[in-house]
Each structure stands twice: as structure tokens, then as C-alpha cells.
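Here's a solo chain for you in C-alpha cells, the form predicted alone.
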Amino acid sequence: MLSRTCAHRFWRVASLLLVLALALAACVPAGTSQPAAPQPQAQEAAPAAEQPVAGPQLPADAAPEQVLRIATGSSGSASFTFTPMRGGGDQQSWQTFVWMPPMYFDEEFKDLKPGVFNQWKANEDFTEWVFSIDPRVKWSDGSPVTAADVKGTWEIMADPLTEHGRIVGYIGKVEGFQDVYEQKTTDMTGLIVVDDMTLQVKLIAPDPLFHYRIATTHMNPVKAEQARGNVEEFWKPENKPAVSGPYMLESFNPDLGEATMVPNPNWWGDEGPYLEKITFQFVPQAETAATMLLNNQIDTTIAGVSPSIREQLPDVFRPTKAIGFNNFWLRPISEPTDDLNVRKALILSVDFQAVFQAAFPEGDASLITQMIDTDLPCNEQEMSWYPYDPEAAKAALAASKYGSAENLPKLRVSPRGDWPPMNRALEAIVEFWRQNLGITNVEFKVRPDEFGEDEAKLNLLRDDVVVRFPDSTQYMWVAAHSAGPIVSGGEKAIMAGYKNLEVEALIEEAQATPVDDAKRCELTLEAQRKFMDDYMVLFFGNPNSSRVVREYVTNFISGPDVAMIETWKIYIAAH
């Protein structure tokens, strides 16, 4: 039996249908059959939008529980943060879980892939670039990512109070950058918002590589209105930051060293995210992280766990590509390494194969014979420098202005840290100096500041060449140009006092040459040859790069800027 309300609705609908049928009948010409009256239809299902939104379809081999457990953190003062505004630190590995970079390189460091920007184009002389925002990209609050957000983010990053450690190298050539960097203004005139989806960038000098420079998680756009005036705190969960990546920070407790991430409800990508939750624990001790791996408490860590774990967990060391390696650099600002022949003697007297074996007795590294990293697209695979030649070393020392080992001032050397491979390598080098050249007046200290007032007199220091995108010209600029970070920085710089005008001219000409022009590589390799003729660097090997991650964590891949790439594809396979 129908209720009174239902009966009322039924007769109301029936009456309307009858009126409609009569009206249609009146319109039918004579001799024409009348159409059948409409029949009541069953109630349709609610629209899909009103149904609960299902998560992405998991891959066939996925485990029922999708929780990724991460141990993060070194002893650095700012290691346990998740701000995208620093340009470095341990948090750089995890930035792409939460923030989408402008663009990024693939796993092989070859293809540049779209991120926030899906198109980019330069003018003929590479002084202007235009970037288009992917119209799908939006913040976690549902609002679109705009060109104004990108401009505002980069202006905030350029403020020295933000303490973005690498911003000069990324956008230092943008018109108006220096005024913002010197806090004269907050408006960078070379960043022009053409419309909501288009950003124009004007440079003070040609840069065919500008699109490479910004293709990093260190340049992630944020919602500028949230970060401005609150750069230290805006990213924390209690401030409800809008994010563009597949996940968002749900909780953050620096006192307990714990944090969690959950899926972004407004993720705009075509795939994922697959993980239900990501948990973080701040674990600065490598030994503790290793124990947690063995006890199945974590799935991955960035702590330098001991290679001895290979015996128990052989599959946790996942090979990966990385740009750059550590070297020992000689300093021409200090005596006696101000003399080319002394530097030549110090290098030719060393058997670098033996040094390599001393540094890496387990063989988990590769021998280095040239300056440019062999993972870069432009290098000389067959070229090798600095053969072991004790007789040539003795002749070079005799030809120096000092003439003999007895006349040499003290040599001061420091590995700048207590990493065992480099310390063993430096000890082996000093022993070769003693055996082949009779040099015994050598002072070895682990850290430069241990030399006190004599720190500026150091003759040898250790450092690596840091390049966050795959370009050999940039690599040589970092290593050998007087404006690069290895040389610049005053009398205490790693290679203070080095300047070769021919090397710099070649690097600068290469920098002005398009990335896909073969001449760029030719110029860069010639710069390397001339630099090597100055005898400024001693090699000791490049450790094999790997990520410490359990075998069942799928699509866990890092790019040249260290950060994980395509984090929306990561999932836990059944195990």
C-alpha cells in the first residue's frame, strides 16, 4: 500500500502524463498513428560524483597494505624538516612526495620531463624563456597552480633570509635577481606573469641551459601567498599548506622525530598515488638505521649503513646513478703547491691504482682517471691522466723553484672529514710522497679548522663536484672556473688561487652554445685537457652509488638532484 505522500506524488505525475498525452494527440495529423504514451521509469542510480571516491587501482603485484616506512636524517641541524625552500639538506630526497618540481630528469639522466611546466621555449639567443603551466596542475585545496605562484616562490627563495643554499646557481641570471638577493626589492623584474598559465623569464646573459637549472626539486613552486611572511612555518600541517604533489604532510613532530604523509585528495596526475601512508623517523645514526632494517622496522634509509649488511640483506643496496665524486684538490695560493712542478711531482709520484685499492679494499667503487663524471653525456671514456712515473716526479721536483724535498715548506693536508675511504686514500698518498720523493714534512689533520691560524696555508683539501643536472659544461664550471664553488670563496676556498684564462674562455664559450650542439662538448673536453695540464687534482675513486631500500619497494628511483622522481608510482609489492 502506498503512503499518503507517495500516493499524492503518483497521481500528480499521472495527471501530468495524461495532459502531455492529450497535447501530443492534438498535434498529430489526421490519419497518423499516435505515439505511445511515455512509461514511468525505474529510479536511476545516484550520479558517480555522489558515490565514495575510490583510490587508484593498485598494480597486480601490490601488497594489501601500502605503507612505506622511511628512516631519514643525518646530524645536520636542519635535517628533520620538510620545507621546500632550503635547496638542500636531507629533506631534498623526499620533496617530490609533496611538491611537484617545474620539470625533472628521468632515471637515466637523459630526458627532461614535464612537471608543473609542460612546455618551455627560448628565443634565438637564449636570453628569454617562456614556460607554460600544465592546465591539470592544481593545489591540494583544489585551486589551480598559477604563474604568479611560481614567480612569488622564486622571489621568496631569492631572499637571503630564506637561506636557499643554491638559488644563485639556479636563477642568478634572471633580470632583477640581484636586487631581490640584496633585499632592495621583493619584485624580480625578469619574472613576468603573461597570464595565469604562462611565465616569461628574461636573463641578463644568454643561457641555453636555464631550463636544466630549474628542473629540480630545489625549485618547487609553492602557494606564494602562504609562504610569504611565514617561510619558516608555512609548510607544517597545522598551517594547512596547499601542495601540488601526490602526498601531503599529515603530521610532524620534531620532538619525537616522527612525521607521516597521506595521499593528496586533489592529486591531478594520471596515475597513483598508490601508498596509503608514508611514515618518517629521524634516525641520524647509521648503526641504528642498519638495526632497524634488520628488524624489519623500516623499508628505506638515507643513512650510510655499513656495507657489511650486504651479507644479511644482499638486495637492499639498489644501484643508482649519481653525478659527482670526491677528489683531493691542490691549492696554488699556498707554498709549495704554488709551483706547477711541485704539483706535477706530487701527482706523478702516486700510484692511483694502489690508492684506489687502499680506499676501497672491498672493491665497491670505480677507479677514476678523468675530471668529468662518466655518467655525464660528454666525457672521454678512453682518456686517462697522470700515470705512475716516480722518475718524472723526481725530475719535476728538481725543476721546481725549491729544487728538492729538503727545501720544500711544510705540506698541510686535510680530508675535511672522517670518512674512512678518503682518509685511507690520503694516508696512502702521503706515503708515496715519502717513498718516491723523500717528503716527510707533512701535517695531516682531519678537519681544516684543526690547523688554527695555519688553515689558510693548507695545500690539499677534499671536496666533491656538485651538479644537479646532467651537463658536462656545468661540471667543468663548478670544478675549474674561478667563479665556481671549488675555486671561489676567498683564501680558504678548496682550490683558492687557481685561474686559467684559457680554461675559463673555453668553459664560457661552451656555456653559450646550445645543449644539442656538438661544439659544446668539444669545447668542454678541451677545457678539461687544459685543466688537467695544470696538475691540480688527485683521484682516489668513486664509490658505487646505491639507495638503501628493501627489494619490495617498487619504482623507488632518484634523479640527478638526489630527490625521488615520479613518487606517485611508488608502491609496496607483495612479499
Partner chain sequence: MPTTSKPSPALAVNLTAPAKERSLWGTALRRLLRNRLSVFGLVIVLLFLLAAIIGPYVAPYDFLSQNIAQASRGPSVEHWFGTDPLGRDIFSRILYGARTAALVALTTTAVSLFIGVVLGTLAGFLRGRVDEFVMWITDVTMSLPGLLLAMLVNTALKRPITAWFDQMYTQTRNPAFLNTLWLDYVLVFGALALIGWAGYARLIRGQVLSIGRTLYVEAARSVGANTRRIMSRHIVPNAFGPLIVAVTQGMGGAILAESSLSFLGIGVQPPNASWGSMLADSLNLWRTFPHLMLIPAITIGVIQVAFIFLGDGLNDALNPRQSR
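This is a predicted model, so every value here is computed, not measured. C-alpha atoms forming the largest set that superposes within 1.5 Å between two forms make up the rigid core. Positions refer to the first chain, counted from 1.
Omitted from view is the form predicted together with its partner chain, to which the following refers.
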Answer key: of Tyr388, Phe444, Phe325, Phe126, within 4.5 Å of its partner chain in the predicted complex (heavy atoms) is Phe444
Single option in Ser251, Thr291, Asn118, Asn266 placed near its partner chain in the predicted complex, where near means a heavy atom within 4.5 Å: Thr291
Taking its partner chain as it sits in the predicted complex, is Gly403 in contact with it (heavy atom to heavy atom, 4.5 Å or less)? no
Should Ile309 be classed as touching its partner chain in the predicted complex when contacts are defined as heavy atoms within 4.5 Å? yes
Distance check, Thr369 to its partner chain in the predicted complex, heavy atom within 4.5 Å: no
Taking 4.5 angstroms as the cut-off for heavy atoms, does Val130 touch its partner chain in the predicted complex? no
For the spot marked by Gln285, Ala358 and Gln435, is every residue within 4.5 Å of its partner chain in the predicted complex through some heavy atom? yes
Please determine, with the chain shown alone, which of 241-249, 270-278, 412-420, 185-193 has non-hydrogen atoms within 4.5 Å of its partner chain in the predicted complex. 412-420
If you look in the predicted complex, which residues in 455-469 sit within 4.5 Å of its partner chain (heavy atoms)? Lys457
Once the two forms are fit on the core, has Lys110 moved its CA by at least 2 Å between the shown form and the other one? no
If I superpose the two forms on their rigid core, does the C-alpha of Arg434 end up displaced by 2 Å or more between the shown form and the other one? yes
Large Cα move at Ala405 between the shown form and the other one, threshold 2 Å, rigid core: yes
